[in-house]
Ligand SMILES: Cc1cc2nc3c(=O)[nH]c(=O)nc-3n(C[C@H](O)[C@H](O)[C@H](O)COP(=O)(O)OP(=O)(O)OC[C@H]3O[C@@H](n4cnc5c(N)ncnc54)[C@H](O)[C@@H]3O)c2cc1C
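To begin, one chain is listed below as structure tokens, in the form predicted on its own.
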């Protein structure tokens, strides 16, 4: 039996890559450093560009029951709750070939995991961390760290899908200049039981509230029983240093935001969160190349991005699809396929990274700039705002 392509990381990108490679006739071995595959955090927004790919991998039957389809996205002024634009999503499937969906992270990851485990060409191992590796002569030799010690393994290729702090990227680019950089932003995340949220905020809709130097996104999950809420605040680096995972209760977080004067309903939603988890946001320098020989990167390992276009997971899924397609179309060596995959994806991914940064600055405007932004949003309306991002979603 031929050696597999090893994928470091069993997140959404890594598991989707395994399924895409298997469809292309390649064996995949997924190595996950955690002792158990379970996603932390809360919600994922999966836009039509990624939804089409997941459906194309035969996952629609597994994903539909655990997804929620928001009926609209409301863009709100954060200090009084006024809806500046309402983006109707009911025609998304007809317009872009898939709906907008939101998932609990654990539900999406488990659906992908079960699909991978059911495939004869895919093996998934936990408690297995990819260490250093050598690439040459048509084989990648890896050192895999397990609780029993270090094991030697051989692969025909290695895909680093191991996140922002990718060990694979660290071995490809062993330089301090490539280290993660604090982005000047902190996310506070919580799941709020729907019955504790203000009644007007329980609808099956996504909401974006814009404040000077901050914004809040929330949407329902799991058939509307719980609301995923993310508060993102501009903070200087010193407030994030040494913070692993901190926690505040709802009233504490709401008091810390009093200076922004959030609307009463928004403040009540924040206060309803029992435990808010602290997640500093980081970036890494853009890469001119993702691949070296039979080693390549995928998802956050290749192009980490701030979450302001809700495209982090979607871009990892696009990577995974392009990786499998490179083998389907070329039927050539791993090195050639990886180079083709990189060429197909690197420009678009970089465009999304930069657009996400711009979107965050746009959300956080204050004073006269915020007033001009709000007037522009009202003038565009819901359809106009959707049209601005159509380049992301179209086939």
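All of these numbers come straight from a predicted model, not from anything done at the bench. Numbering follows the first chain given and starts at 1.
Below, we refer to the form predicted together with the ligand, which is not included among the displayed structures.
- In summary, among the residues 357, 343, 348, 33, the only one with a non-hydrogen atom within 4.5 Å of the ligand in the predicted complex is 33.
- Put simply, of 314, 197, 257, 283 only one has a heavy atom within 4.5 Å of the ligand in the predicted complex, and it is 314.
- Partner proximity in the predicted complex, defined as non-hydrogen atoms within 4.5 angstroms of the ligand, places exactly one of 85-93, 285-293, 257-265, 154-162 at the interface: 154-162.
- When the ligand is considered in the predicted complex, residue 130 lines it closely, a heavy atom lying within 4.5 Å.
- Proximity of residue 220 to the ligand in the predicted complex: non-hydrogen atoms within 4.5 Å are absent; the residue sits far from the partner.
- Proximity of residue 300 to the ligand in the predicted complex falls within the 4.5 Å heavy atom cutoff.
- Looking at residue 77, you'd find every heavy atom of it more than 4.5 angstroms from the ligand in the predicted complex.
- Contact with the ligand in the predicted complex, defined as a heavy atom within 4.5 Å, is made by none of 18, 170 and 325.
- Residues of 7-23 placing a heavy atom within 4.5 Å of the ligand in the predicted complex, in sequence order: 8, 9, 10, 11, 12, 13, 14.
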